[in-house]
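Next up: a single chain in C-alpha cells, the form predicted alone.
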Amino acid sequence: MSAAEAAPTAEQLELEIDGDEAAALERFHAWGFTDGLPVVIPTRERVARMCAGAKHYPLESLGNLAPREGAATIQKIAINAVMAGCLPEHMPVLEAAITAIQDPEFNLFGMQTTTHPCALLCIVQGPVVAQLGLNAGHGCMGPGTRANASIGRALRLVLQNIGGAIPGTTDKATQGGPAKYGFCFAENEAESPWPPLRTTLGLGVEDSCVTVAAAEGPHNINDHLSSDGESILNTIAQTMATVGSNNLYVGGDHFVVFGPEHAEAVAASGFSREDVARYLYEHARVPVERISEQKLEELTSWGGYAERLEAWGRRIPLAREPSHLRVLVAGGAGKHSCWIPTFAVGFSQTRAIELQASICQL
C-alpha cells in the first residue's frame, strides 16, 4: 500500500510504507493511530515477538470491543502493545484486562462514548507486580516506570484503534483528561496493613490479577497532622462528599487508595478494610441542603433514589453500600491518599492473569 493513500481499514494487518520509520510515524499520526505522542513502529518482527508473550494464539480473538466492535485478536493487541513500548511479558496483563472490560457489568460501550472524562484504570496485583517491575510505591500513578506507563498506554491504544473510541467522533468526553493516556499502577501489598485487595474480590493471595474500572484521575487527599484513624477517615469522607460526582448520581463502585502512612495510622486505630468501607459509607454523604433544587431533581431522576432520601436522613451516600468502596494501599512515604471517582454507570471487574512459565521465571 502506498503511504499517500487513505487510511487503511481496521481489517488490514500489514501495510507497506515508503521511507524509514520516521516517515512511518508521520503516517501513523496522520491516520490517527497514535495518542498524539510518538509510538514504536510495529514491524512484523516486533509484533511477532510481542505475540510470543501471549497466552493465546496470534489470530485468536478475545472478543469484539465497543463501539466499533473490532475484533481484539492477539495480533492486533500486540500491534498496539508494540506501539506503546510494551515488552512481550506484559501481554498476559493486557489479555486479562481486555477480557475483563467485556463483562456486561463493566459497560464498555458507555465508557467509550460518554461525555464523562473517564479513562480505563488498571490496578495490577499479586506476584506479577515484582516479576514485571510494576511500580506500587512513590509516583506509581505518574510517569517514570516502563511497565506502568506502557501497559496503561497500550490499553488506551487498544480502546482507540480496535474499539474505535476516537476523540471527538465516538469518544464524546467533554474535556477528556490526562488519565486517558494511560492509568496503570500496582497495589503496594508490602506496606499494606490489610490483606491484599484481590482476596476481597474472590482470588487468593498467590494469584496475580488486574482490576479494571472506568475512572477519573485520582483526587489527592492531604492530611499531615491527623494521627488517629477516625480523623484521617473524616478528612477522606469530606473530600469525597462532592455534589458533581457521577458516584453521587448513580453510585457504582469507586476506589480509596491510601498512602502507606495513612493506612498504618488507620489500621493502628483498629480499623479493618471493612471498617473503613463502613465508615466512609456512613460519612461520605452530601446533605440535600448543599444541592440546588434543579440539581437535586436531576440527581434523583438519574439515581432512582427519590424514595430513599428520608431513609438516608436526607444525606446522599457516595456509595450505595459499603462493599462498593474498594480500599487499597499504593504509593510511598508522605501523608497523602487519594480518591478515584468512577463513571459509575457500571462496575469494576477483576480477572486473574495467566502467566507463561518464562514470565514466572523473571
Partner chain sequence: MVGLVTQSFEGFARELLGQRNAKALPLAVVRHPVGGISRAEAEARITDEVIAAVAAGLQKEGGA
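Residue numbers count along the first chain shown, from 1. Please read all numbers here as calculations on a predicted model, not as lab measurements.
The form predicted in complex with its partner chain is left out here; the points below concern that form.
**Q** Taking the shortest heavy atom distance, is residue 127 within 4.5 Å of its partner chain in the predicted complex?
**A** Heavy-atom contact with its partner chain at 4.5 Å: absent for residue 127.
**Q** Using heavy atoms and a 4.5 Å limit, would one call residue 58 a contact residue for its partner chain in the predicted complex?
**A** Residue 58: no contact with its partner chain in the predicted complex.
**Q** Taking the shortest heavy atom distance, is residue 172 within 4.5 Å of its partner chain in the predicted complex?
**A** Yes, residue 172 is a contact residue.
**Q** So, residue 164 and its partner chain: in the predicted complex, are they within 4.5 Å at any heavy atom pair?
**A** Contact check for residue 164: yes, within 4.5 Å of its partner chain in the predicted complex.
**Q** Heavy atoms within 4.5 Å of its partner chain in the predicted complex: which of the stretches 106-114, 257-265, 210-218, 87-95 has them?
**A** Only one stretch passes the 4.5 Å heavy-atom test: 106-114.
**Q** Can you pick out, from 321, 297, 69, 26, the residue that has a heavy atom within 4.5 Å of its partner chain in the predicted complex?
**A** By the 4.5 Å heavy-atom cutoff, the listed residue in contact is 69.
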